[in-house]
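Below: one protein chain in two forms, given as structure tokens, structure 1 then structure 2.
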Structure 1
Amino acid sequence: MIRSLSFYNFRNLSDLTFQPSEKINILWGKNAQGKTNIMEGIWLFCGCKSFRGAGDKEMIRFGEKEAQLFCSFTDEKDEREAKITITDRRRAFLDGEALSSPVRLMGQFSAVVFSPAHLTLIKNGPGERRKFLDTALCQLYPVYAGMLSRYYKALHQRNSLLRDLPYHHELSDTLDAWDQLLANAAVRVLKARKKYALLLENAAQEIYEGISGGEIFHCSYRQSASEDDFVNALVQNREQDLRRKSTGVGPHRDDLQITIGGKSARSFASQGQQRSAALALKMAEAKILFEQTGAFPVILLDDVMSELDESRQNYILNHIENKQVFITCCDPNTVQKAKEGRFFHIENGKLTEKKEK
């Protein structure tokens, strides 16, 4: 939970300090005042890059050389002090000690972010959903990152063999060995993803049904080859793979299929349904992180209310009690129904506590 935040020369936030509520924090104000910048600044304390895909230098205030961000937060027992500086690169410090890389903040402070950019989770192709599963799994089990990179390494090696084979027939015997190696790595990734997809379905189903007032949500892992007989699937697909010079089955071709009322959310859901589904997946990610690690991540909801009708908004506002949440919006009226919320008005990078327009 965040106790205090200070940002200096971070985007348009030249000098901003505030002590957020332990519960709901509503950051409101007109367009282009700095609301998303605050969310982006908080997110950096997870050890990740900007969720907007911005390069580090872009986040330094125009005309300045360095941005500084401070965050004091509590984990299960202790109060921790984290600091991030951005110059030619991003550096992180924890309790006064320089960390070897900002990634080291991962696991110390955790947050889940939802912004309009995350609608691609529903709208885009399978790659986006695989990335969601992989990122969530990396936060949960750091060893998963190694499993994933071993799989992709084996995949690239098999693919380059497929490209070389027409010119080097003597290599054809080695394909069996590569298939076995790829299969071993694939099975680990598949098992982890399927296990996570089940947790996700349970958690997201309940949240989605709540937000929508009873619509039926499902998500399930769609695999191109089963972990029980992966080598066989590769062998059966071999001729096609040799023709295409790439591997046609495996975790890199899989998807997380999302349906609402039995129909594909990507193809048929409305804007509000897609937004609700992406939000349910993100909230489910937070719930799973809590169930598995005991610490509830800070929830960052950027611009989540637009396109949602009043009943959906109310459900969201009143079902995130006992968690620390930051919500941005333009009109404070849309969030007046939040119980226990504190309201912060943002104008030209400055923050004042205030509820009314």
Structure 2
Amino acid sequence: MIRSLSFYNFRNLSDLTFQPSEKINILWGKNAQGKTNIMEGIWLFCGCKSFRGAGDKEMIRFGEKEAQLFCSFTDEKDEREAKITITDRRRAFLDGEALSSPVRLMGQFSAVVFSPAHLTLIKNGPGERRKFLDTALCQLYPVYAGMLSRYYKALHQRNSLLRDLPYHHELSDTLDAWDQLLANAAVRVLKARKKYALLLENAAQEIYEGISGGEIFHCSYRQSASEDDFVNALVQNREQDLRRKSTGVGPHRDDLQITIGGKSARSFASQGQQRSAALALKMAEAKILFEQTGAFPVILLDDVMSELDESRQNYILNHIENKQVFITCCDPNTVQKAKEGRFFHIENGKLTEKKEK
């Protein structure tokens, strides 16, 4: 739970410090005033990159050389202090000690973010769903970030070798070694994703049924190669890989398959069903974090409430009681059921608490 937040030279925000409510916090104002910047700043304390895909330098206020962010939060036992500085890159500190990488914040502070981009989680391509799985896994199991990094480094090296082989035949003997290295890294990623997908299905099924009124929801991990025989799959596909100069099987090609009523949600579900499915997956992510760690993550709902109909809004609000939540919107009346909590108006990067909506 966040006790205090401070931002200096971050995006368009005026230097500010505020103490949010332990329950619901409504950040409201017109577009481009800084609401999402606050959500982005909170998200960085998870150890992840910007959920908007921004580079580090883009998050420094124009004309400045450094941004600083501070977060005081409590875990299951203690109050912690985290700091992030952004110059040419991000640096992170926890309880006054410098961390080797911002990734080291993973597992110390956790949040779940739901933004308009996540509403297309179902209808977009497999890459979006792989990113969803990997981000969720990195928070739940911080060691997974290292597994994923090792896999993509090995994949990059193998792809480079595939591109070089037509011009350097003497390198062909090294392909077997890279296949084995890639397989070792891939197996760890595959096992983690499959294990998480099972947890996700159990949690999301119940949530989706509650949103939809009883429709049958399933999700399952679809892999392009089995972890039990990954090296053989690479060998069998080697000729094709050499032609296209890239690796055709592995976790980078896999997908999280979603079905509603036994049919592909991506191909056959209505827009409302797809949004309900995306909502179920994100709420399931929060539920799993709580069940596995004992601490409920901070929930960040960035500009999505107006995109959902009243029944879906009500479902969210009825299931976030007694949890710390940040909601951004243009009109606070969008969140009509949020009777408790604190309301903050943001304009030109300045935050002001409003006692009334």
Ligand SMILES: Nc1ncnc2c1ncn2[C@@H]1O[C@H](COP(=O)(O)OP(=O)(O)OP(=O)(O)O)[C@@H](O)[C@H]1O
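Just so it is clear, the structure is predicted and the values come from calculations on it, not from any experiment. By convention here, residues take numbers in order along the sequence of structure 1, the first being 1.
- Structures 1 and 2, same chain in two forms; the form predicted in complex with this ligand is found in structure 1.
- Look at 100, 168, 294, 309: the residue sitting at the hinge between structures 1 and 2, where one rigid part turns on the other, is 294.
- This chain moves as two rigid pieces, and the smaller piece turns through 18° between structures 1 and 2.
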